[in-house]
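Given as structure tokens, the chain that follows is alone and in the form predicted on its own.
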Amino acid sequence: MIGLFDSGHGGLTIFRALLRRFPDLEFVYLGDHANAPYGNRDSSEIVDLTRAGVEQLYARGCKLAVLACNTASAVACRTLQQDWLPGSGYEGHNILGVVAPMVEAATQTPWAVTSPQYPQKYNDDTIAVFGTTRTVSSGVYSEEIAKRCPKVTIAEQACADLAGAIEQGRAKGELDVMVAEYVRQLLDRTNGKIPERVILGCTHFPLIEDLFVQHLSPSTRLLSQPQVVADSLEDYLVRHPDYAAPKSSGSKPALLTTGNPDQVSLSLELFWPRADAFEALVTKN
């Protein structure tokens, strides 16, 4: 079983892409709605909350946990992979994040390659990143892209209120005004240069991907996080087939929440129309 963890609803855009790509595999989704949002928390809190969520997925039989949240991936993924997991007692388990696949796609360089390689060492494109304030402030995208493509210009734009506005179901016209302003601020940062590639570094943003397309050049390649993560996981499972456990006959993907399932399910329609409601997480030791 493969588990997805997010601070709330945004990771459902990743979850749905994985269910479409891997209809024969068993998945479970855990949203930490009781502690959302993560953006106003310090790094140690994010690490602790993410670890607790991963442990709950492991307790339900998941051997692979995907952090379907840019903030959790940016702040906690490496710490959990390198410092916690090796001595945790969860032998044969692993954790993946959504940042690494996006960096690979943006730089066209495998994550394991951390130094400039031909031809990317000479790449002088502009790569833009739109994300939450916490993801942008972590610097993970600019740091990891620069390792592999030192000549590129990296422009990051924090979209402080956009994820919340999406989750609140704001009108499309209002969201369009917000996106236009964030794009304008980014172009001010690049002196008007249109980026060749754009990373939407928040799992809410695919829901309004069309608005970003409208306000960027047709020549800009917009990297869709659900698609990129699905491609990356497909490659990973080819190399690590032990994590690709087939689902039981008749089983459905589970949606779990640390919050109130009735309240949490009210906004589910925005992210996944006609999905089954969230169920309350029953803590397992």
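Each residue number is its position in the shown sequence, starting from 1. Here the structure is a predicted model, which is why all the values come from computation and not from measurement.
Not on display, but discussed next: the form predicted in complex with a small molecule.
Not displayed here, the small molecule is approached by G39 to within 4.5 Å at the level of heavy atoms in the model of the complex.
Among heavy atoms of A163, some come within 4.5 Å of the small molecule in the model of the complex. With a 4.5 Å cutoff on heavy atoms, T135 counts as touching the small molecule in the model of the complex.
Among residues of the shown chain, R148 is not one whose heavy atoms approach the small molecule to within 4.5 Å in the model of the complex. Between the options M102, V129, C202, C77, the residue in contact with the small molecule in the model of the complex by a heavy atom within 4.5 angstroms is C202. Judged by heavy atoms within 4.5 Å of the small molecule in the model of the complex, the contact stretch among the candidates 255 to 263, 212 to 220, 227 to 235, 31 to 39 is 31 to 39.
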